[in-house]
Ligand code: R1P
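One chain is shown next in structure tokens, namely the form predicted alone.
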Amino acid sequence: MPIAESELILNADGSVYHLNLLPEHISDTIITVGDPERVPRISKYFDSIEVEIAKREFVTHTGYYKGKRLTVLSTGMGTDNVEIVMNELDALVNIDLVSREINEDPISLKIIRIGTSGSLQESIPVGSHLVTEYAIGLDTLMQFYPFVQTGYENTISSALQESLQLGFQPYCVKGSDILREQLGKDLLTGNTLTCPGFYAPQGRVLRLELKDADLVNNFNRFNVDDFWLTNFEMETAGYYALGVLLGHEVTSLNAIVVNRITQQFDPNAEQTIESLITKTLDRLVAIS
């Protein structure tokens, strides 16, 4: 049965509504970044660029790096934007945009988030690179999808709900084992907390006080056996959960530019990000 025009909204040229992309515009290997200005920071390393499309905060460059076709796409911040990106990328490869029918044989994309993050442990210094094994979402996105946690994931998220005295249960989800092994082999491995904001949800105080004045320390101290929260940001859990639901391989690579326990900011933050970009590009060339 065709998907209704009100559900799968297309532009006049047949492209998906927000990303403004057609299927031929993307590779099966996609690097995502939050900041639109970071897209050309990655594509400057390409040997050639064949696609440059921008709409709103969504900037897309597709080209070749050492013979491998790659797409770089900016998402903006937050799991609400990630939800748009993941659904529209999936539509590009798994829905016939002309007939509006779902394809019989699903295609699995490789999606790699490269982003900045803050450390929640003194032992994870600024300037380091970390690959996320498990992500825990403090947003409520998965309240609207049929996402089912494993027993272990449910144990973690239930314990965090109790620890933080939240009115809802967070969701815990594991990323792609394959991509983590291929791209994160000598990186720190951690468990990333995805927050629904940059200020209060990450324990920052400007003019408004926090509901939990000890929030960052509570993040730091939380553990279930050998499971500790290592860092936090604003997107990874949304990527991982939607990746599981839609059948895509997803991993998150984090440049640690601030440590909230030692209260240090990386004086070489731009170099920390740049080195993660180049490392990732070279490793992507080596995988099929």
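All figures in this text were calculated on a predicted structure; none of them were measured in a lab. The first residue of the sequence shown is number 1, and the count goes up from there.
What follows is about the form predicted together with 1-O-phosphono-alpha-D-ribofuranose, which we do not show.
Open site or blocked site for 1-O-phosphono-alpha-D-ribofuranose in this chain, with its pose taken in the predicted bound form and fitted by superposition, and blocked meaning 3 or more ligand atoms within 2.4 Å of backbone or C-beta?
Open, going by where 1-O-phosphono-alpha-D-ribofuranose lands after superposition on the site C-alphas.
Pick from 227-235, 241-249, 46-54, 63-71: which stretch has a heavy atom within 4.5 Å of 1-O-phosphono-alpha-D-ribofuranose in the predicted bound form?
Comparing against 1-O-phosphono-alpha-D-ribofuranose in the predicted bound form, the contact stretch is 227-235.
Identify, from the list Gly115, Gly184, Gly137, Gly190, the residue with a heavy atom within 4.5 Å of 1-O-phosphono-alpha-D-ribofuranose in the predicted bound form.
Flagged contact: Gly115.
Looking at Ile42, Ile26, Val33, Val59, which is the one with a non-hydrogen atom within 4.5 Å of 1-O-phosphono-alpha-D-ribofuranose in the predicted bound form?
After the contact test, the surviving option is Val33.
So in the predicted bound form, is 1-O-phosphono-alpha-D-ribofuranose close enough to Met77 to count as touching (4.5 Å, heavy atoms)?
Yes, Met77 sits close enough to 1-O-phosphono-alpha-D-ribofuranose in the predicted bound form that at least one of its heavy atoms falls within 4.5 Å.
Evaluate Tyr152 for contact with 1-O-phosphono-alpha-D-ribofuranose in the predicted bound form, applying a 4.5 angstroms cut-off between non-hydrogen atoms, and reply yes or no.
No.
Do Tyr145 and 1-O-phosphono-alpha-D-ribofuranose come within 4.5 Å of each other in the predicted bound form, heavy atoms counted?
Output for Tyr145 is no: heavy atoms all beyond 4.5 Å of 1-O-phosphono-alpha-D-ribofuranose.
Can you tell me if Phe198 lies within 4.5 angstroms of 1-O-phosphono-alpha-D-ribofuranose in the predicted bound form, counting non-hydrogen atoms only?
The answer is yes: Phe198 has a heavy atom within 4.5 Å of 1-O-phosphono-alpha-D-ribofuranose.
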